[in-house]
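As a starting point, one isolated chain is supplied in structure tokens, in the form predicted on its own.
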């Protein structure tokens, strides 16, 4: 995948990214909002030597104090201090739990100890910080060396804690932003992973990139409309799909300038991709150009041409192949006088044998001699080999790929099956592609979902038009 594919994957699955971002932000905000407030207060104590008669004694005392003040700071989180704090403040906790709410640090090159205390109330935080400072002062005084019953170290509370005005935690906005970022990132990862694992063909452009076989046509499908089955070219000549089938017919004319394609198989990778509909409408488009066309239903597994065209299907291809009737006896004229149809007839028990028989090859030679173009609607390539066998008996195969159901490996496997029997793949017809502005040139432009929703709301609010009174009333 290149950068464009990643962008396309995110545009296609933007709803996943948006949903996870919103969920992440909402969850983080709710969790932060439900958390109790946290207040922090700070008190400061100063450590010094009790006395120094000479300059040398003062220097030695200062050095001694700086070396030992870090150890004094650690006393602030020990039971020797915190047990008395719990007793004084009547706290319902243990010294181990309370130590997690106390922080005592000694700034570099100083004899100052900064005591931070955290509590769920403003006054609780200041009381806790001041109580720890007081008890630390007493403890250090008791533990320091003494001379003449006087401690050699003096500890003074130089800054008592005041109740803080605002809580420092939780930060709901920051939590919501972090949750939004996390959800957004997770959504991007999921969207990209789904794109990497999704092998379905979505657009005609993906088919062009998938294989070297040319894309001869793209049959559009408009959003919200059911798939057009049968002879859409005859029923609705100005439909965008009808114009697409005419473009397919035109592209076939330029496929090979030296040898015009006179017979072809229309097949697909799997069933339900629209090969029968494509066969019928391609035959109609060619017949519109004044050429004599014979459409043969060669799908001996699931024939559909007779039903789609509304023709009699009791006798047809299989009836000719077993020698009961001649070809001309079962060919039916349908619509335009230039279009003749040979339906399938009864479903045989041995389709592969009939399709590969010399009689089938002779029938196709007879058909080519009598018509300008012969089109065979064959079974899909992957389930059975009928389509590949028929492709060798004709000028090649058109492979229909439904952009709503087919996967890339299936398209490649279908083309490989043709190459395996030395059959020619004339090209691919992308079916059910998303309608575009170019496709709507001959029809109403497709509206976005928002435009359709807005139009529905406007129609709902508009007052109903009163009918005109009947004449004479």
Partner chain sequence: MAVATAVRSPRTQRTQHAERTGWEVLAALLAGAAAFLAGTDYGLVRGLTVGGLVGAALAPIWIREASRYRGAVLGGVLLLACFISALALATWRSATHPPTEAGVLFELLPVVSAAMCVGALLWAQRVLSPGVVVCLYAVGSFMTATMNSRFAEDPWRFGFSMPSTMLLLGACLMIKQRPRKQLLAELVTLGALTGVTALSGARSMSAFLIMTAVLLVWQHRPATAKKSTSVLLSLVLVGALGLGLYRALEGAALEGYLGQSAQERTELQVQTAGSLILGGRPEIGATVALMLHEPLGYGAGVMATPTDMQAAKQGMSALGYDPDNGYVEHYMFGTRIEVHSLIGDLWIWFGLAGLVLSGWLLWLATGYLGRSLAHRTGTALGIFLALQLGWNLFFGPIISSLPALALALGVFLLQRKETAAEPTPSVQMSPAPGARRSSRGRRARRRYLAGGPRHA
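None of these values were measured; they are calculated from a predicted model. Residue numbers count along the first chain shown, from 1.
Separately, the form predicted together with the partner chain exists; it is not shown, and the next lines address it.
Undergrad: Would residue 142 show up as a contact with the partner chain in the predicted complex if we use heavy atoms at 4.5 Å?
TA: No, no contact at 4.5 Å.
Undergrad: Under a 4.5 Å heavy atom criterion, is residue 30 part of the interface with the partner chain in the predicted complex?
TA: The answer is no: residue 30 has no heavy atom within 4.5 Å of the partner chain.
Undergrad: How about residue 409 - does it come within 4.5 Å of the partner chain in the predicted complex, if we only consider non-hydrogen atoms?
TA: Yes - in the predicted complex, heavy atoms of residue 409 and the partner chain come within 4.5 Å of each other.
Undergrad: With heavy atoms only and a cut-off of 4.5 Å, decide whether residue 218 touches the partner chain in the predicted complex.
TA: Heavy-atom contact with the partner chain at 4.5 Å: present for residue 218.
Undergrad: Of these, 154, 366, 206, 135, which has a heavy atom no more than 4.5 Å from the partner chain in the predicted complex?
TA: Result of the distance check: 206.
Undergrad: In the predicted complex, which of 332-340, 100-108, 164-172, 353-361 comes within 4.5 Å of the partner chain (heavy atoms)?
TA: Residues of 100-108 come within 4.5 Å of the partner.
Undergrad: What I'd like checked is whether 37, 42 and 114 together line the partner chain in the predicted complex, meaning each has a non-hydrogen atom within 4.5 Å of it.
TA: Verified in the predicted complex; spot residues all out of contact, no.
Undergrad: Using a 4.5 Å cut-off on any heavy atom, which residues of 232-256 would contact the partner chain in the predicted complex?
TA: 247, 251, 255, in sequence order.
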